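A single chain, nothing else alongside it, follows as C-alpha cells in the form predicted alone.
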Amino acid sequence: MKEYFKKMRGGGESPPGVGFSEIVWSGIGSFAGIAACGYLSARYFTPLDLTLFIGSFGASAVLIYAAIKSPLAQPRNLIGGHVLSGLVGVTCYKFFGHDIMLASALAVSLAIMVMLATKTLHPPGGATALIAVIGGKAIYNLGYLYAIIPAGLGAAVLLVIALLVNNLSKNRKYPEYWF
C-alpha cells in the first residue's frame, strides 16, 4: 500500500528546495524590474497614451529573476518571445478581431508555433499575444507598435535589471547564453 501511495505522489520526492539567498535575490530582482517598468510607464509613457506595463511581464519576472538557468528565461527567449508574440497577437486582432474568441485562440496558438519555430519560446509570450487581442482600446490603438512598446521595450527593461541583479551575487550567473 505504501508503494501505491508513493507512486501516486510521483515517487515520493518533493521538488528541491531553494536557499534563502536565492529567494532574496529573486525578490529583489522581480521588485526592481517590475518597479522600473511601472515608474518608466507612469513617468514617460502614460502621458503619450503608451504603456510599459502588461500582465505577461509578471510571468517573465518569475523566469528571469527566479528560474535564471531555464532556457525559457534567456535573453533571446525573453525579447524574441514577447516581440514575436506581440506581432502575432496584433495580426490576429486585425484579421479576426470581429470574433474575439477566434482571434484569442489563434493568437496564442500561433504565437506558440512562431516561438517554437524561432527558438524563442518564452511562456509569457502567450499572454502577450492574448493581451494584444483582449487588451481593449488603448492596446488596439497601438497597432503594431504594441510589439515594440510595451512588449519589446518593457522586456528590455526587465532584462537590464536581470543582468544587474542576477550578477550581483557570486552564486548567480545570468544569462546562461545570449543567442
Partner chain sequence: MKNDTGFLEISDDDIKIAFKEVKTYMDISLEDFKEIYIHALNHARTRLLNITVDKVMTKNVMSITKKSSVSEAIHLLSESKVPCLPVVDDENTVIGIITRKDIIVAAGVAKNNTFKDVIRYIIGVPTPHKNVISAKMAKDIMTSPAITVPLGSDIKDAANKLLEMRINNLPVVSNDNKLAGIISTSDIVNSIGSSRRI
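For clarity, every value in this text was computed on a predicted model and none was experimentally measured. Positions refer to the first chain, counted from 1.
The discussion below concerns the form predicted together with its partner chain, not included here.
- With the partner omitted here, the stretch from 114-122, 129-137, 32-40, 62-70 that lies within 4.5 Å of its partner chain by heavy atoms in the predicted bound form is 62-70.
- Taking the partner from elsewhere, residue 168 is found to have every heavy atom lying beyond 4.5 Å of its partner chain in the predicted bound form.
- Contacts with its partner chain in the predicted bound form, taken as any heavy atom within 4.5 Å, map to no residue of 120-146.
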